[in-house]
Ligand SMILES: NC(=O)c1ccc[n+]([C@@H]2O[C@H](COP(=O)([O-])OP(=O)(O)OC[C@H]3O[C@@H](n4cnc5c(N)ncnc54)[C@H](O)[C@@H]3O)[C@@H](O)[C@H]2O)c1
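Next up: a single chain in structure tokens, the form predicted alone.
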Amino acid sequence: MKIALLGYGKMGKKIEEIALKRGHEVILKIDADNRESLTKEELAQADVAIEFTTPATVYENIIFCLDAGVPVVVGTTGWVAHQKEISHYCIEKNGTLFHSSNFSIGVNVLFALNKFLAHCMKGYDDYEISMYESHHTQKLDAPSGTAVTLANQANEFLYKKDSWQTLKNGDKKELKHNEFPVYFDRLDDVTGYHEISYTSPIDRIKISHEAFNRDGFALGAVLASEFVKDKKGIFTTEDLFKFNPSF
């Protein structure tokens, strides 16, 4: 499979390493220094594009790939405000879009556990939910896209708490009765950590995921690329991993 990498920082280089080990070819590598090399003609030579750039450039890159007729796997977060618009455009162009807030196999297991736990806790109002995430200082969005996914998943089941509020860890802002907090930190040497807690006067239930490096995210992105090759439509890691429980 021929891959175009849109974004060739630490994540892009790790994706390249894993793609090559799996027998694929990286034919185009685009970053801020060679943006002019991204042409529809060059991009059209690829079987799939993997997009890991920034919230400021992801929208333009997705549209560019769809216009070029190249399936695009998007790992950049922070573009949820455009998701409906881009989904409509993908369908209109008969294109292929695979997006996820996190491609890690372990995090997708956490997504499934988070849904199941929220389902179990429905109606037990003595338990108060809270979430926490921490990442390296270079991460631009806060909370992380993964934390947003986890919070929105919980909202599907927790009727007492149907909204959430982003807070810097340590903030003491008063929340509305229907909100739960999503705390975040940006720290040196933290690849990624996410935690969901349910606390009552008598005990606490907690699930979490800690990434030790970027390998899991990169592997998931390559697996997603293999999955969407020769497919049309809009896909997520739920289609790839199928970890979701049935209720």
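One-based numbering along the sequence shown. Here the structure is a predicted model, which means the values were calculated and not measured.
Another form, the form predicted in complex with the ligand, is not on view; read the next lines as being about it.
Note on contacts: among A32, I27, L187, A44, the single residue with a heavy atom within 4.5 Å of the ligand in the predicted complex is A32. Heavy atoms of no residue among E128, Q165 and Y198 are located within 4.5 Å of the ligand in the predicted complex. Mapping the unseen interface onto this chain, G75 counts among the residues with a heavy atom inside 4.5 Å of the ligand in the predicted complex. Proximity of T96 to the ligand in the predicted complex falls outside the 4.5 Å heavy atom cutoff. In the predicted complex, the ligand stays beyond 4.5 Å of every heavy atom belonging to F243. Put simply, K139 is close to the ligand in the predicted complex: some heavy atom of it is within 4.5 Å. The stretch from 84-92, 100-108, 114-122, 170-178 that comes within 4.5 Å of the ligand in the predicted complex, counting heavy atoms only, is 100-108.
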